[in-house]
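Single chain ahead, written as structure tokens, the form predicted on its own.
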Amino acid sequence: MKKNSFKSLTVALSVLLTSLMVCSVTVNAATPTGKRLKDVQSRVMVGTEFSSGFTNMDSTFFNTATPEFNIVTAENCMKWSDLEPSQNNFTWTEGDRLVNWAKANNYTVHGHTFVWYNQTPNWVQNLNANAMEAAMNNHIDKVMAHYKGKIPIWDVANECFEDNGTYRNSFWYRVMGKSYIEKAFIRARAADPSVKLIYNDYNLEYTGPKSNAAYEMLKDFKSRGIPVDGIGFQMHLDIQYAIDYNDFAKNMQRFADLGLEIYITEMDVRVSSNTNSAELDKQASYYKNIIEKCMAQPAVKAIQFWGFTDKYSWVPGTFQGRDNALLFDKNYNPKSAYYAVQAALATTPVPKVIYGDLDGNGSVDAIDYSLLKQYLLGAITKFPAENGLTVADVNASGSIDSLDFVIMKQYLTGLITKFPAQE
């Protein structure tokens, strides 16, 4: 055999072996059993993140992701540095690809993000206060106009607080003061009144200095009519750190009580790079317990993961020695975390019935008494609480009438300690 013929044969064999290896990975990627995550229930959207250049991913990437979710967030291509790298010069190509893909596959797009201390070009950071506000307004106007009717949810402001609850000392804060946040929300609402406007941050899941600061800011916004529709809990977790799941539920409830929708925006749960079955089981329990609490909270509108396969994750490049944070392994096989999420999404919590709690704040007080009076006078036809028409019938007569009003007054004045409906 001639040398060049032998070389050609060697190359051919190498190509064949490589092809077989690729095929074997594809074949070995197991299809999850049971319903796809988006199909387990219909109340909450379930989503993932796609990185820039996602259209170049292999077919297994799309075969795994596409049927699984129904909402997607762009990792980078809708951030300021990607969309407007130089002043008033916009680059839409990658963002448009994601929007077009989403439309073709019946996905909702969650826009991310307008105002952030990171991935914002130097030309913005070097402006004075008036010029910076003008640039912010122009950016929000142009982006929301371009994607009007295509992106129904936007993270308007991202990561504006330090963990100690102080405002992040970002260039935004140093130049414009804390008002840059509310100004961004006001501008976004004016640009497209139909869009849900979200404040997004990490380490908000616990009641503590940071979540307290975010709560107080949003409470203030609501009291002054600053347009904000939701709170985004990023939920970047690690099994090294314990979670008080009841505290998480309590924390969600107080934001819900402000009238805010809740979005889990970037969830992942880190384990070690060289993980084992015990760690993966613990990871699955984190996913399960968090999502069960989310499913018990009516204000939760979407649960999104920051990717879906460990093959493409920000974690190992950011947290030394940590990896494997997502629902599918690096060969696209579903992990125990996947099935934990699947089971948690299927949970249907029994609604807590608190008779007399017409505003849904968890207690019976003078506000509930006033609401019942308004209802009986015909001033309102329903109550703020989701199950208000049930809990207003405090004597369990099957209707809401003046007797319920009398009994409510007896309860509030201490003449009785429980309602007839509770007996």
Ligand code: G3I
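It should be emphasised that the depicted structure is a prediction, and the values quoted were computed from it without experimental measurement. Numbers for residues come from their place in the sequence shown, where the first is 1.
The form predicted together with this ligand is left out here; the points below concern that form.
Taking the partner from the other structure, this ligand in the model of the complex has no heavy atom within 4.5 Å of any heavy atom of Asp329. In the model of the complex, this ligand stays beyond 4.5 Å of every heavy atom belonging to Trp92. Contact between Thr309 and this ligand in the model of the complex is not found at the 4.5 Å heavy atom cutoff. Contact between Tyr245 and this ligand in the model of the complex is not found at the 4.5 Å heavy atom cutoff.
Looking at 339-347, 205-213, 289-297, 156-164, the stretch with residues near this ligand in the model of the complex, meaning non-hydrogen atoms within 4.5 angstroms, turns out to be 156-164. Annotated contacts: Glu75, Lys79 and Asn118 all touch this ligand in the model of the complex [non-hydrogen atom within 4.5 angstroms]. Residue Gln234 is the only one of Gln234, Thr108, Asn324, Ser170 with a heavy atom lying within 4.5 Å of this ligand in the model of the complex.
The contact residue chosen from Glu266, Glu133, Glu182, Asp229 relative to this ligand in the model of the complex is Glu266, the criterion being a non-hydrogen atom within 4.5 angstroms.
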